[in-house]
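Encoded as structure tokens, the following chain is the form predicted on its own, with no partner shown.
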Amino acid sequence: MSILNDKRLLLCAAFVEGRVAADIGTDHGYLPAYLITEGICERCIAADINEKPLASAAKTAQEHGLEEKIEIILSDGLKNVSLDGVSDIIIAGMGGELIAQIIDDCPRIKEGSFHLILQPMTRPEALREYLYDNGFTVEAEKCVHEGRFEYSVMSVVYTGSRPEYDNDKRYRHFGRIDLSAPACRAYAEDRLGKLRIAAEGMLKGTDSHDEGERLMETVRTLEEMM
């Protein structure tokens, strides 16, 4: 039986390109264990801000005889993580704004050729806008359905230059997904539904009515792209 059965994390694993990965916000440490046992990585870092999930990650490593290959680190984001030798940085299962903050708090990311694998749970548009404005290019983005939810995973590199694509409504809300792919179309439809609900709620309020009108216009624009 595979160590990892979560489709969201399996998609993250599928994006890994190098031999040493740092999993930030590792929870039970299943992803690093999977990467090593499947021969994708030689070594992994499992980092988390809380001690309880780190204890679970350490247990996972021990159960699979990976204590020498998985480094367990207590860290707020990347602050205590040495990136020496790291090829891939995975930040999954957090809000888009928090992921952006973790990246922004680590200047070393802009000094090396790190491959970022990012999976925002909320506010993906905030993360995409941050990446665009700060010299990061989303090279690829794919989607997956897990449980009741639709997720997107981004493959990102730092170039220091403005990406060739536009920072438009499609990019901010749908990302760089292929709308012809069923999983990506389901993700886009899910995003549209959430935006529509938010806009309708704003339209009911006096103070938020104008913002609601703008958001509803965004919904209409995105619907035309579908």
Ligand SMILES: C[S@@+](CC[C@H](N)C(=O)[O-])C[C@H]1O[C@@H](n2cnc3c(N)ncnc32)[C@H](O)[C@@H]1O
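From 1 onward, residues are counted along the sequence shown. If you're wondering where the values come from, they're calculated on a predicted model, not measured in any experiment.
One more form of this protein exists, namely the form predicted in complex with the named molecule; it is left out here, but the text below deals with it.
Shown alone, this chain has one stretch from 63-71, 188-196, 175-183, 25-33 that lies within 4.5 Å of the named molecule in the model of the complex by heavy atoms: 25-33. Taking a 4.5 Å heavy atom cutoff to the named molecule in the model of the complex, the contact residue among A55, I49, V157, I40 is I49.
Scanning I103, L131, A92, V86 against the named molecule in the model of the complex with a 4.5 Å heavy atom cut-off leaves one residue, A92. Contact check for D76: a heavy atom falls within 4.5 Å of the named molecule in the model of the complex. Although the partner is absent here, L9 is a contact residue: one of its heavy atoms lies within 4.5 angstroms of the named molecule in the model of the complex. In the model of the complex, the named molecule sits beyond 4.5 Å of every heavy atom of I109. Put simply, L98 is close to the named molecule in the model of the complex: some heavy atom of it is within 4.5 Å. Annotation for 167-201: no interface residues with the named molecule in the model of the complex [heavy atom within 4.5 Å].
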